[in-house]
Ligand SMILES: NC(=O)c1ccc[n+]([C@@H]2O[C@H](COP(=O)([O-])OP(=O)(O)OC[C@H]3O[C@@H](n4cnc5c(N)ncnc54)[C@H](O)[C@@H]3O)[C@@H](O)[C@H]2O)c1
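Here you get one chain, nothing else, as structure tokens; it is the form predicted alone.
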Amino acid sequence: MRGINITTNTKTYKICIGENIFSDAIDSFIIEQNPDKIVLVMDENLFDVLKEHDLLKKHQYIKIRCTEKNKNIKTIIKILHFFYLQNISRKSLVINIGGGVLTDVAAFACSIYQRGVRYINIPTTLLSMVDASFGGKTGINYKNIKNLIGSFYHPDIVIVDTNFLKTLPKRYFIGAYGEIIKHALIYDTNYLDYLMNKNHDLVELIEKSILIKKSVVGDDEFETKGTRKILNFGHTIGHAIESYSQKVKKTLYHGYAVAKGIVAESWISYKQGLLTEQESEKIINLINKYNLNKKLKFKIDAEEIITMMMKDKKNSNNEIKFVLLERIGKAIPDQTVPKNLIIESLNLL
């Protein structure tokens, strides 16, 4: 089992990574912390996998249907009511088990119940292992805008057990590489070269991505300096496309939407005189290599997507702010882009 310490101005916690470590790691943490009560919030799809586990036999749990559509205030109320019925306290422990939607929603509920109860995350998808389960961002969608309502609230520990990936549909496993490739593009050219060879060790891959995000988050916990904003590369356009896909009922999984955003925002970086044409082509080739260039099942309405982009949390002065690539391995936040270039990039998709 490998361990990475995440340190911010407000909290230090550990991420444990390995195969088949779930039970031992969680038992050790519970013994060490001795909470007055334990409850579980879990993705309903994991019930059959975990129904014989001691955690479900010993403690009360709530099952959540984890879709982007259910990432809303109704689900938050449902979880809060469960906490109320179980009479949990600030000395209790909430165990969140699931992918990025589950950890985002459950952690947000933990952040507002009694002004904050303790929780740990057990990510069960590759996307949540490398990105969503740590860093402190929690939230829900509102009016088709991704994560418009949320908070910063860190877990006490994150346990990454790659054994859970055996339960994951292939499309979700592939889609996670949208975020993984993003990590390489914004921070580490060596990691990008590592990704060019698809025969990599999974635990090592997850560790490399976590270490990149750790460095960024540790320097700018609340996204006030601007440093942390680079993690949003590919997300300005990617989130808007994802939100639009839900509106037209042709939902595009987050990782694939981010990959679309990476392609579009890399092209904008090139047109803005930052990336070279060769670098832009290298990025597109890598996206294709991991089968992320999924054909959209809907026609893009550029004007409506730009309207959605105007709701992005990074914006200021009523301007859409992009993260662009100055070169592969170096991202720059708070960039404005002419509207005609945004429309052209969307039409390319």
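Owing to the predicted nature of the structure, the values given are computational and were not obtained by experimental measurement. All residue numbers are counted from 1 along the displayed sequence.
There is another form of this protein, the form predicted together with this ligand, and it is not shown here; the text below is about that form.
- Note that among 296 to 304, 66 to 74, 315 to 323, 276 to 284, the stretch whose heavy atoms approach this ligand to within 4.5 Å in the predicted bound form is 66 to 74.
- At the 4.5 Å threshold, heavy atoms of Thr251 stay clear of this ligand in the predicted bound form, well away from it.
- Using a 4.5 angstroms limit between non-hydrogen atoms, Leu192 is distant from this ligand in the predicted bound form.
- This ligand is not drawn, but in the predicted bound form it has no heavy atom within 4.5 Å of Ser266.
- Interface residue remark: Asn87 is not counted as part of the site for this ligand in the predicted bound form, having no heavy atom within 4.5 Å.
- When this ligand is considered in the predicted bound form, only one residue from Tyr177, Tyr187, Tyr119, Phe164 comes within 4.5 Å through any heavy atom, namely Phe164.
- Only one of Ile230, Ile212, Leu168, Ile145 lies close to this ligand in the predicted bound form, with a heavy atom inside 4.5 Å, and it is Leu168.
- Here the marked residues Val101, Ser128 and Ala132 all reach this ligand in the predicted bound form, each with a heavy atom within 4.5 angstroms.
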